[in-house]
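A single chain, nothing else alongside it, follows as structure tokens in the form predicted alone.
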């Protein structure tokens, strides 16, 4: 076999190998697979071209071979650039598409094809090789350009691989270095061919091997020895204890944490199964995949571990051994326990939180339906004063001492916790409730910080559970409600929720549910009590609410107004009374057209609605003069947010309303109120003149209040006038307006109208 046949056979074998590799590359699931396939296919034209050049003795066929060779090398360079771009992604900063290289290679293909016309790139000459003609290339300028282009592109690819080998980690460096080395060998080999003017291009064999090498390294190669070393190092440095067993269950390797856990040295691996079995109470080298949680020790000293075993099989699925990992979960478990404790226990006292207490009570009632339980609401009376006088630290100490006392009172059958602030909750079997001993303990309940002692007044509200299905919060509401019976009692400390309180709750619920219907059906109505001047002439009236209930009959305001003030529904009632007053004023004609009506504004109204806008709207709706709808407020309106309330009262005055201060003298009246409040009328409570040992002083005070109001240009109105003597006495003091039973009791609107027309009180 001559030299030409030898190289032809080698190239043929390479082509077949490249074809197989290309098919496998295109079938690969790896993203790089297609780029490897195109690179392998691109090697076909130059290799085939070389085979033609080597094997032909015909000039024209040799020319075709050279075109396939040169154009094919441009295709190889393009495919190599594309492969390198994907294979080396991530090694550069801001890596961009190599578009310019594709343009240069495409241009070179065009100029090489133009050689058919211009003959500027290359020619061929006939020489004799082993007695046969062989056509060798004669390079011209175009061929030199072609070589510069291919070498430049090839150099750029080599440079990228050099950068990749320098920047990547050791595990990936090997694959870059091997390809880089192969490309350098091929480049040197081809360079030698060019300058040696040897007839046969042996470097194409190098390109073929380069393609096969790229195929293997890109798709199949794994640096197993390096991986083994890395994995071994990783496993040794892992915090988990790792053990490897052979198929017989004998330990053949353990990392450092594993050796410390089993308390062995590296030469004592045979003792591992025995040591682990003694430590965890179970065989740890058993076959199969398994997982268990184990606890060593008790309470605060307990250690928590998670054990996971896995079998290892070889490529033929034969058992090769097993591995065991043991993870110390102690800190995690303790952290979870701390979080759970924090979520279920009060941070100050260590008692159950309100939510967790309710859950425990609900669960206990479900589990023990036959046991009679008592729910107890514990409240410290006026605890805010303790904080204000002794400070918050002393207050916290007091709360902790109360919690400790509760622990001593309770048995294991009880559940207890802190509800909020200075209130606590307990549920205990009613049979264990010792009323007398608790009363005795509460009679002398003292807290101390070692220097300061203070007696606390503690109240217990008890609800004996008669309906286990009731919401736990409602049970405590009932127990809390029981305390209202003894809230002012300094001798008794325990009160029970009973039928009377139950009936009171049902009564209040009924009234709350019926309010809107009573307003719609006009069961609730205004009663008017006349207001007279110093001559005895009726000049107006105060609108007082009354309820003619279809079931309970006539209901005075004391029966329902406090309830609505407590729950905020007073707003609906007041708005209704304001509207009723406006309706009455709009209907009064003739002799009644100058009469006014005073309406009450509750302090709660200011929290729920825009009182000024609401009353202005009613006055506009019924076309009445604002001065005829007088507005009564109590001094408690000014107890909070006084500056804002001052502005609201000034708005009323600017709009033409008459503002009256009700019950002056019966509460916490002060000269500041007279000095600052924008009021037009001062309603004085007649309790100043009630029978007492200090009647003379009361008379002096009320006389000076009337005189002071006159000087401040505030009209005075005395309410509660019941006798002729009181009327005469107050008139002599200078009082301008009067209201009371002496003139008339509150009456329905129709009766008031007849009363005014008939008597006109003189």
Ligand code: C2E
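Quick caveat: nothing in here was measured; it's all calculated off a predicted structure. Numbering follows the first chain given and starts at 1.
This next part talks about the form predicted in complex with the ligand, which is not shown.
- Remark: residue 719 counts among the residues lining the ligand in the model of the complex, judged by a heavy atom distance of 4.5 Å or less.
- Interface membership of residue 545, defined by any non-hydrogen atom within 4.5 Å of the ligand in the model of the complex, is confirmed.
- The ligand in the model of the complex comes within 4.5 Å of no heavy atom belonging to residue 190.
- In the model of the complex, at least one heavy atom of residue 602 sits within 4.5 Å of the ligand.
- Picking from 312-320, 208-216, 568-576, 384-392 the stretch near the ligand in the model of the complex, with a 4.5 Å limit on heavy atoms, gives 568-576.
- The contact with the ligand in the model of the complex, taken as any heavy atom within 4.5 Å, belongs to 557 out of 626, 123, 273, 557.
- Comment: the ligand is not present in this chain, but in the model of the complex one of 328, 150, 85, 632 has a heavy atom within 4.5 Å of it, namely 632.
- Annotation for 501-537: the only interface residue with the ligand in the model of the complex is 529 [heavy atom within 4.5 Å].
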